[in-house]
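Form predicted alone, single chain, as structure tokens, below.
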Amino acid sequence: MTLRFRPELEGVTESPLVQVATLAERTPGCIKLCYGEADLPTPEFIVRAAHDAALAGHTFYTHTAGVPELREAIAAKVHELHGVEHRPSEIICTVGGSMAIYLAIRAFVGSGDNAVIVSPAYAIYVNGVVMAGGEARQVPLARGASGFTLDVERIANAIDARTRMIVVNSPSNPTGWMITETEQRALAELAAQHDLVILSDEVYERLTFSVETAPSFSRVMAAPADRDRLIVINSFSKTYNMTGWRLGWAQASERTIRVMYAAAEFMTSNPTAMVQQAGIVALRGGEDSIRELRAHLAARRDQVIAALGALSRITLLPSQGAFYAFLGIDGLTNSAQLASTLVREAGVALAPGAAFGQSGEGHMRLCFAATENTLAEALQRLGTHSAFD
């Protein structure tokens, strides 16, 4: 037979990040700083909570949107951090933050629609829009001597009658940029003016270096009239070193959440029952662990700056949040090719900037959420390679 795949899926191509990661897995001794995760284990108290929950019988289906106690714990944490009230009915727990992102996009974007995406950004947003049948319009951050800023005028110019959503990730993967409340208010005004939804991915909100928690759109758009125009995505993956556990959530209006969990029933159903119980324990008892992680990441960020910041070919803006160094390399035009070269010649895997959109080309993303010794060895190898030296 002749296979006729849907164009929405044929338009999704394998990421250059996956390609370099695959090469790194086949290369003995390669240090993998290409993945977006720490090499630290999940804290023991969370692991034990999942073990105890499984033994206690949390091995069955739950409500698609998650057990009420977890949704209540999420609402309590959002209120603690941002002073914003949410009912459990305004929260959906999902199989990772990735599923929450796709559900949110799919709820509002379809054939003939478009979404404006603040870039460079993780490819999940572009591909989520493509898989929904829409057009992804990437608008790059403005870059100055002191850091990245939101280009509100370019975002406004990208909006037309078919725009349904603005997507923003802060703190940013891959740049480490953190949006300001002033910039958030500017986007909120655009959303109100054009009747758009803002999808705000805030999974790195606790992993910051100058403030304890990054600004959240949930505070800026807390008024009842704004609830239908905002979806906030979050996850346990980065904050609690739970990437493999696959537990995330979305906050939105009750109407939006109802549509999302109705769809999730026929995609993934509920997140794993005992993982939800571990999530409750993480939210209620994880603050010491978060402080330790932030201190570790701040030290690793400084380690990268000390090793690479003075190299003549490198432009490195200190990350405000998340755990990435976005290295601008003078004269680089093919970051995917350089990523492969570094694996073969230096034994270090970095993510090519091209994996994050056209505005990411000319850069390499280094994940510094590694142990001190692992990072030191990787930086020594990179610092003596001709691409960096």
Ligand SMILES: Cc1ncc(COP(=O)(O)O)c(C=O)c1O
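Note that residue numbering follows the sequence shown and begins at 1. On a predicted model such as this, the values are computed, not experimentally measured, just so you know.
Below, we turn to the form predicted together with the ligand, even though it does not appear here.
- The candidate spot formed by 98, 237 and 324 is fully in contact with the ligand in the predicted bound form: every one of the three has a heavy atom within 4.5 Å.
- A heavy atom within 4.5 Å of the ligand in the predicted bound form is found for one listed residue only; from 251, 169, 216, 319, this is 169.
- Of the residues given (109, 103, 203, 118), 203 alone sits with a heavy atom within 4.5 Å of the ligand in the predicted bound form.
- Just one listed stretch, out of 256 to 264, 203 to 211, 182 to 190, 149 to 157, contacts the ligand in the predicted bound form at the 4.5 Å heavy atom level, and that stretch is 203 to 211.
- Though the partner is left out of this view, residue 229 does not reach within 4.5 Å of the ligand in the predicted bound form, counting heavy atoms only.
- Looking at residue 43, you'd find every heavy atom of it more than 4.5 angstroms from the ligand in the predicted bound form.
- At the 4.5 Å threshold, heavy atoms of residue 177 stay clear of the ligand in the predicted bound form, well away from it.
- Among heavy atoms of residue 246, some come within 4.5 Å of the ligand in the predicted bound form.
- Shown without its partner, the chain has 36 as the single residue in segment 6 to 44 with a non-hydrogen atom within 4.5 angstroms of the ligand in the predicted bound form.
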